[in-house]
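First, one chain by itself: the form predicted on its own, in structure tokens.
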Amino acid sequence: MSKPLVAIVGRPNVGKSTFFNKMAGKRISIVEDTPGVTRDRVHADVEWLGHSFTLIDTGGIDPKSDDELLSQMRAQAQVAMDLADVICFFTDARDGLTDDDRDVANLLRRTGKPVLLVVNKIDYMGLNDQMYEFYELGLGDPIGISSVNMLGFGDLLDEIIRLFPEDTGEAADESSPIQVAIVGRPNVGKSSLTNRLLGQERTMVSDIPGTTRDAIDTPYTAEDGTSYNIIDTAGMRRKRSVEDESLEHFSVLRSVAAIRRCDVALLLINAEDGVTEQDTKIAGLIHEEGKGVVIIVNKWDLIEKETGTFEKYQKEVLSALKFMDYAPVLCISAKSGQRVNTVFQTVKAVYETSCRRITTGVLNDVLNDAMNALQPPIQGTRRLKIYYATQCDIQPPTFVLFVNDETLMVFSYERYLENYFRKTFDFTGTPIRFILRERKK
């Protein structure tokens, strides 16, 4: 089951970012006393009582303001609410119930999502009486907390996980369609590729970035009988009041939701632009989520070519995405159809790779070969010893290494083992994970 998404919303300057930073364990959102200082959503994975979820911080919602920046923040918060499984509505005990709180509450009721009413800045017992007026909002019992002092966090987190969608525990069977998410920056051709793959105008295509507002799921059966579910995503529609930077933030959060539920992600890159900072961020999300990936360089027909152009471009792409150098790179034109017919066969190959299981006997033979070719590192007078390995999971393939001391494993040697496993077992297109377990002799 994908990690649930929890959105923190409310009017400006009610302490949303302070709570977010305390939960994330580091200062991610900027915190100041100036309303509206958190301009963009940020997200972080957190855990409570064994439940992992993603917390989304948002800029403050000012329902009545015509200010360009505040209207952007309001629209971004709306996207977060659309995608969230649970919404935490933050208010301020010191300010009391305001008209803006009432307006935000009305907005939240229309989402149909579970909403928790949080009264922040209950910094001492004398402020508890301030919570009673918030019952007027009709959103259930207010939960009093202090973001600064971390008071009441346990009660709030208990309520958050209580509202999560139930995990049925059912694994996808072999007949389930392969979930394919098409992700990337606005206007790199995601909808054009979707239409070309499906052979029909399923999604609207325009030169205006962000024409696709929501994730669009479309089932498809290939000629070989393989079933797919194509998830087309994009940022919000461009408006004159929305800057390019804001568009990219819309795109990222939608990409997060699509990546979470896919088996293989198609990361689209504009051939004319090359790998941008935003492409790298989205690639990082795919890698962190452990998803199979195919890098699609679109608009290849617009690139002047000579002998070796593809090889040179492929090398540049993988150099820019060093943490994803295991991914296959396809150069296509969604507009003309050039090499689009290779996409599904590559997706299927990557999916099968991400589901590959290696028997323990074969795995340990290869591990011994790797250690004979390059001895484990020594730190001081102690050498790392790897007793044996076993595969514990797929999607991504995950291996447990039983060692004498976890601290003796250095990044370079772990990377060496990863590359050795890749060369031997062909894990093209999927990240692989190592889990270290100490085993005392």
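These numbers were taken from a predicted model, which means no experiment stands behind them. Rigid core: the largest C-alpha set superposing within 1.5 Å between the two forms. One rule holds for the numbers: they count along the sequence shown, beginning at 1.
We do not show the form predicted in complex with guanosine-5'-diphosphate, though everything after this point is about it.
Even though guanosine-5'-diphosphate is not shown here, does Asp103 get within 4.5 Å of it in the predicted bound form, heavy atoms only?
Taking the distances in the predicted bound form, the answer for Asp103 is no, it never comes within 4.5 Å of guanosine-5'-diphosphate.
Does any heavy atom of Lys335 come within 4.5 Å of a heavy atom of guanosine-5'-diphosphate in the predicted bound form?
Because a heavy atom of Lys335 falls inside 4.5 Å of guanosine-5'-diphosphate in the predicted bound form, the answer is yes.
Though only this chain appears here, would Thr430 touch guanosine-5'-diphosphate in the predicted bound form if you measure heavy atom gaps against 4.5 Å?
Close contact is absent here: in the predicted bound form, Thr430 is far from guanosine-5'-diphosphate, nothing within 4.5 Å, heavy atoms only.
When the contact criterion is heavy atoms within 4.5 Å, does Lys291 count as touching guanosine-5'-diphosphate in the predicted bound form?
Although guanosine-5'-diphosphate is absent here, Lys291 would stay clear of it in the predicted bound form, with no heavy atoms inside 4.5 Å.
Taking 4.5 angstroms as the heavy atom distance cut-off, pick the stretch from 311-319, 132-140, 114-122, 81-89 that is near guanosine-5'-diphosphate in the predicted bound form.
Careful reading of the contacts points to 114-122.
Could you spot which one of Arg94, Lys281, Arg339, Arg109 gets a heavy atom to within 4.5 Å of guanosine-5'-diphosphate in the predicted bound form?
The residue in contact is Arg94.
Using a 4.5 Å heavy atom cut-off, are Thr18, Ser147 and Gly189 all in contact with guanosine-5'-diphosphate in the predicted bound form?
Per the other structure, all of Thr18, Ser147 and Gly189 touch guanosine-5'-diphosphate.
Select from 298-327 the residues with a non-hydrogen atom within 4.5 Å of guanosine-5'-diphosphate in the predicted bound form and write them out in sequence order.
In sequence order, Asn298, Lys299, Asp301, Leu302 come within 4.5 Å of the partner.
Would you say Thr430 moves between this form and the one not shown, meaning its CA shifts by 2 Å or more once the core is fitted?
After core superposition, the C-alpha of Thr430 moves less than 2 Å between this form and the one not shown.
Rigid core fitted, then: does Arg94 show a CA shift of 2 angstroms or greater between this form and the one not shown?
Yes: Arg94 shifts by at least 2 Å between this form and the one not shown.
Once the core is superposed between this form and the one not shown, does Val340 show a C-alpha displacement of at least 2 Å?
The answer is no; the displacement is under 2 Å.
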